[in-house]
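What follows is a single chain, given as structure tokens, in the form predicted alone.
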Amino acid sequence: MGIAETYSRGRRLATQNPVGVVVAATAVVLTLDLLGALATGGVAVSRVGRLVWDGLMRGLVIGLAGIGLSMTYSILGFANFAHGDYTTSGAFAGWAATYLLAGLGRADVGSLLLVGAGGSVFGAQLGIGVVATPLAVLAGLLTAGAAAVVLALAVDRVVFRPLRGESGIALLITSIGVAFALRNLLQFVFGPARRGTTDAGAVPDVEIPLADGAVTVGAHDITLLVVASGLMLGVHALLQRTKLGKAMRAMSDNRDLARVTGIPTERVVTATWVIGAALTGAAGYVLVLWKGTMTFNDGWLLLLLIFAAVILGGIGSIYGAIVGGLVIGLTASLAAVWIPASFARAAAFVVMIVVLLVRPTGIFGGRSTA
């Protein structure tokens, strides 16, 4: 390829997709700036390592919760704004089970089931941790997923199923109402205060040495990594290797055609709620396990990032939700290198907007649930 042809192609690319060129140039500048700061000591390697690890942890939670939201949209065709509160509801149910098992005989049962509402009992007081109380944590994780499933099926039966033939806007507005109802119910039952849930001092960790420091990786970090990765691989296997997965992909592509070919669409819808809600409840539980605190609006605060991940990855794509979650999590964390940490969350949405300007259908745009 000659110089003239290379120049011609570059000029044509800049003319046809100027936004893409600007994005690419900005990415190169930021990368060079970061490398220069690392080389000169302006930014510590250990700090970048900690930010990357933190972003990976957040990204896994966002991606895991995003799978459920993406499945709901792909199969049912509406954006469920109650999804974040399913996350919180599952987390509270799971942590109630964990508190009960870890503190039975050591504290009042009512206080344990209310996850220490009003400061009646604390996770540190009960010594809760994945190493110190593994059975309680496992039971809590399973309870979180099961509780979210029961809640999602109940809401679908009472609220969404009667509106199944209505427009997506009607379902969306209804889901917002469900979200507000659930959030206020959680606040009423468990109280508005943020509470600690684990005994942070008893959680073992290891330090990964770097050039000028270390990155600390705790047992709860590893738990989040294993649980999220395992569930994501499980969803992949289900979609690709089971009859249910094939039916879900068929419904995602064309629901009417799937019904004509004999696929039990209502059963697939139920399975979608079960799988999506279970993943969402598990995501809420491991998020609280990882950060060690919880409050009634955790899921609502996480919801916008989940939506950003799903949109960025490509609405309706399970794999897009996973990749989008990782991108959003890493961006929100690493942005602190260039801007104040309080604005880092906004940077994730900026990245989403920029990617959509270049690729309006998202990273995995055009691909459905598969």
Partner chain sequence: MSTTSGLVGRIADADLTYVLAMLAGVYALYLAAGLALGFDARGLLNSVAVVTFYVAVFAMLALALNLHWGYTGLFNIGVVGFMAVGIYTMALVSKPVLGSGGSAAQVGGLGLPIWVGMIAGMAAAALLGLVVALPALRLRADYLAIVTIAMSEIVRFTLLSRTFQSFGLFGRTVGLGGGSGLILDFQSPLAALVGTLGLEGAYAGLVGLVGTVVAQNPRAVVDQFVYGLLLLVFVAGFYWLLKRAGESPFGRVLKAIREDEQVAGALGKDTDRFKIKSFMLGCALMGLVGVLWFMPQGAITPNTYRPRLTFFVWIALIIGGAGSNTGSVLGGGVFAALLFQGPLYFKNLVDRAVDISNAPGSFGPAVAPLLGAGDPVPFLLYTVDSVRQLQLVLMGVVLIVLMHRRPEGLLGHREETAATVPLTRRVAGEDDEPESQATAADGGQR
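Residue numbers count along the first chain shown, from 1. Throughout, rigid core stands for the largest set of C-alpha atoms superposing within 1.5 Å between the two forms. What you see is a predicted model; the values in this text were computed from it and never measured.
What comes next is about the form predicted in complex with its partner chain, which is not displayed.
Checked against its partner chain in the predicted complex, the candidates G230, G177, G127, P204 yield a single residue with a heavy atom inside 4.5 Å, and that residue is G177. Between its partner chain and the residues I208, V226, L244, L172, the one pair within 4.5 Å by heavy atoms in the predicted complex involves L172.
Contact check at 4.5 Å (heavy atoms) against its partner chain in the predicted complex: none of L64, K291 and Y319 pass. Residue contact with its partner chain in the predicted complex: T40 places no heavy atom within 4.5 Å of it. Using a 4.5 angstroms limit between non-hydrogen atoms, I315 touches its partner chain in the predicted complex.
At a distance threshold of 4.5 angstroms between non-hydrogen atoms, Y73 is in contact with its partner chain in the predicted complex. The closest heavy atom approach of L60 to its partner chain in the predicted complex falls outside 4.5 Å.
Of the candidate stretches 156 to 164, 234 to 242, 193 to 201, 140 to 148, only 156 to 164 has residues with heavy atoms within 4.5 Å of its partner chain in the predicted complex.
Residues of 303 to 318 lying near its partner chain in the predicted complex, listed in sequence order, are L304, F307, I311, I315, the criterion being any heavy atom within 4.5 Å. Core-superposed comparison between this form and the one not shown: the CA of I353 exceeds or equals a 2 Å shift.
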